[in-house]
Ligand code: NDP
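Here you get one chain, nothing else, as structure tokens; it is the form predicted on its own.
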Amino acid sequence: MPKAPDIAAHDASPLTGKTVLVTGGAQGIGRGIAQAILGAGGCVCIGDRDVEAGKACIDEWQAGTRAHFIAVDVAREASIQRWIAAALKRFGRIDGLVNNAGIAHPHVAPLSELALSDWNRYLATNLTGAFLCCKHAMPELKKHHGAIVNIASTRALQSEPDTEAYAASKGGLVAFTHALAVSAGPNVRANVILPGWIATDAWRKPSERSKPSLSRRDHAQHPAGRVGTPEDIGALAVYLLSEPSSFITGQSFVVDGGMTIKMQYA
């Protein structure tokens, strides 16, 4: 009879020696993911339009050569190409990509009043930006059997009025992810995280940072008993970027404290 596999030791630093790119990584959920990557032993290159926020991250992290910031606009292909080239020059490799950048405000206007320019702006930033980053990072990711994590939203599954542009962009990101997983496999894996209510007030740049103002009712409406934090998303992102998740691809992960499974009655 063959011997059973040995007990495997848990790797406390699963991203050691790996470099991950994070769009929108200077504030909010993106910053939470970037810090989780650093905490897992990895190197991170954050790309963000907000230069003040990006520089603040580097100053506050004090991570030395393991962290770098480059200004990038994900709605512009040339900007993405420069960012990826600069990251590759700085770190020599790309093992992971997190597409987090996006317009965070879901409410725009009633559909009859929604300007085509606003519709296109949401799609360009929230969906096309992820496509362009994947397109230009893919050659390097394939070299290192890399992983992609896209950040969508539970609004891809449920909606409020007047959020069509946002919902369409996030729903498109979910579909893009499972198509990408099939096309890029087996060398590159792709998964998507759908965050729910995540309190990001304390994760903004210093000039806009504040303590979250949350009521007992805010927390209590979540089956998990609390509103989420960027660390909740960062922890899952690290897992999906690392070797222990090597059999997981094309999947959608809802991280919302149970809100989307809770029946709501007026």
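Since the model is a prediction, treat every value here as computed from it, not as a measurement. Numbers follow the displayed sequence, beginning with 1.
From this point on, the text means the form predicted in complex with this ligand, which you will not see here.
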Classify residue 141 as contacting or not contacting this ligand in the predicted complex by the rule of any non-hydrogen atom within 4.5 angstroms, answering yes or no.
no
Would residue 190 sit within 4.5 Å of this ligand in the predicted complex, counting heavy atoms only?
no
May I ask you to state whether residue 153 is within 4.5 Å of this ligand in the predicted complex, using heavy atom distances?
yes
Decide whether residue 35 counts as a contact residue for this ligand in the predicted complex under a heavy atom distance cut-off of 4.5 Å.
no
Candidate stretches 110 to 118, 145 to 153, 181 to 189, 86 to 94 - the one whose heavy atoms come within 4.5 Å of this ligand in the predicted complex
145 to 153
Taking 4.5 Å between heavy atoms as the contact cutoff, choose which of 56, 236, 67, 198 touches this ligand in the predicted complex.
198
Tell me, which of 134, 127, 101, 165 has a heavy atom within 4.5 angstroms of this ligand in the predicted complex?
101
Taking this ligand in the predicted complex, which residues of 42 to 67 have any heavy atom within 4.5 Å of it?
48, 49, 50
